[in-house]
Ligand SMILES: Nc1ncnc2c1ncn2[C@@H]1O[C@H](COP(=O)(O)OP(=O)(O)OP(=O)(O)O)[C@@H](O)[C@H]1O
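A single chain comes next, written as structure tokens; it is the form predicted alone.
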């Protein structure tokens, strides 16, 4: 049973009919006293709570009732209803324990999807359910592209399996190179949307001036350089999943535009005033701690709560050293085909040596290290010497003011080391780093992602 709390009889009637048609039983009440009596009599599965059912419209009554619900029934999910102008109030409610919030006027499909998702996330686990092993996870879900058996990784995969079938917005946090995109793809492959598009957007590589054009598209003539129509990423993802990578890099003005679209589930193509309805699942990722970005005023709190109905935190590679051997063997198996070397393998001593390395670039760096070793090694079994040789060349180049000798480093390696040294010199100020290197800020972001370089505190 779903409990509806709203002082407007028209709203109660409308919601009751909608939910009845969707197969839900409901009970509708106008205020706090009636809501608490109803919940004490028959505990509902979910409460749909209007934030204002008093004359002052401050929302204090809604927050007070929410607090009382959480005190008496801590596990009871509460979804808030509020106007767009009162989203700050809804954020207060999320802090107080609400499961999700919706704005009025609501979209029927989105409201039903939200209720289904919240109910699924709060469904009690069977008493006989135990932590699934990697073998059991692989039997239930499609995790073939993800390598590892570490307990922290398995915890993430169990969460992916639990939430994949829903439309829950998911925020994936983790250092650069930890495999956030693979987790996003796993969410999509194991969802009912698997046969629809999976669209990746690197927000760190899109300038503020092009944000709306890239994401929402534009009509010819919408602005000076709009010589042809452009299909936006949201339209490309229609019916499927959109993966917004590096969302922590988005400027505040663009955050407002994104929030409005994610909240209303509608958008407008530049140069076309006709609103278009969105039917997508949103997955975001960042190498920053967004909660800290919110406290620092660099990320909107309302957008933060909109995109993280569930947060997945990927462990760094140094936190799962026992998976390094599995990953190295996986990369070597791929490289056998790529470089036509069927006898290629990695020795035990080399594996032990790699497990002792810091690898700040995580899985991406490990993959590059293995491939470089394969390229420079003349024998089929990789040894510590094959890895130490390139490590010495990298270290020497980073600490010396001279260019490396020809043949000791690739052009990509030289570029990576120059970027790292410039970042140190300018103390992580990306605008100054980009100018010093003669790059646009977007081009710099793409190279940071390419080389797995994490910039802290920018």
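This is a predicted model, so every value here is computed, not measured. Between two forms, the rigid core is the largest collection of C-alphas that superpose within 1.5 Å. Positions refer to the first chain, counted from 1.
Omitted from view is the form predicted together with this ligand, to which the following refers.
Enquirer: I'd like to know whether residue 331 contacts this ligand in the model of the complex, with contact meaning heavy atoms within 4.5 angstroms.
Expert: Yes, residue 331 is a contact residue.
Enquirer: Counting only non-hydrogen atoms and a 4.5 angstroms cut-off, does residue 175 reach this ligand in the model of the complex?
Expert: Yes, residue 175 is a contact residue.
Enquirer: Would you please decide whether residue 145 lies within 4.5 angstroms of this ligand in the model of the complex, comparing each non-hydrogen atom pair?
Expert: Yes, residue 145 lies within 4.5 Å of this ligand in the model of the complex.
Enquirer: Is there any non-hydrogen atom of residue 381 lying within 4.5 Å of this ligand in the model of the complex?
Expert: It does not: once this ligand is placed as it appears in the model of the complex, residue 381 has no heavy atom within 4.5 Å of it.
Enquirer: So which of 137, 208, 316, 182 gets a non-hydrogen atom within 4.5 Å of this ligand in the model of the complex?
Expert: Checking each option against this ligand in the model of the complex, the one that comes within 4.5 Å is 182.
Enquirer: From the list 188, 364, 306, 110, which entry has a heavy atom within 4.5 Å of this ligand in the model of the complex?
Expert: Contact with this ligand in the model of the complex is made by 364 alone.
Enquirer: Spot the stretch among 320-328, 99-107, 160-168, 250-258 with residues whose non-hydrogen atoms come within 4.5 Å of this ligand in the model of the complex.
Expert: The contacting stretch here is 320-328.
Enquirer: In sequence order, which positions of 302-318 have a non-hydrogen atom within 4.5 Å of this ligand in the model of the complex?
Expert: The stretch 302-318, when checked against this ligand in the model of the complex, contributes no residue at the 4.5 Å heavy-atom cut-off.
Enquirer: Taking the rigid core as the superposition reference, indicate whether the CA of residue 218 shifts 2 angstroms or more between the shown form and the other one.
Expert: No, residue 218 moves less than 2 Å.
Enquirer: Could you check whether the CA atom of residue 246 moves 2 Å or more between the shown form and the other one, using the rigid core for the fit?
Expert: The answer is no; the displacement is under 2 Å.
Enquirer: Examine residue 15 after superposing the rigid core and state whether its CA is displaced by 2 Å or more between the shown form and the other one.
Expert: No: residue 15 shifts by under 2 Å between the shown form and the other one.
Enquirer: Given a change of 3 Å or more, say if the Cα atoms of residue 439 and residue 242 sit closer or farther in the model of the complex than in this form.
Expert: Closer together, which means the C-alphas of residue 439 and residue 242 are at least 3 Å nearer in the model of the complex.
Enquirer: Given a change of 3 Å or more, say if the Cα atoms of residue 439 and residue 210 sit closer or farther in the model of the complex than in this form.
Expert: More distant in the model of the complex, by 3 Å or more.
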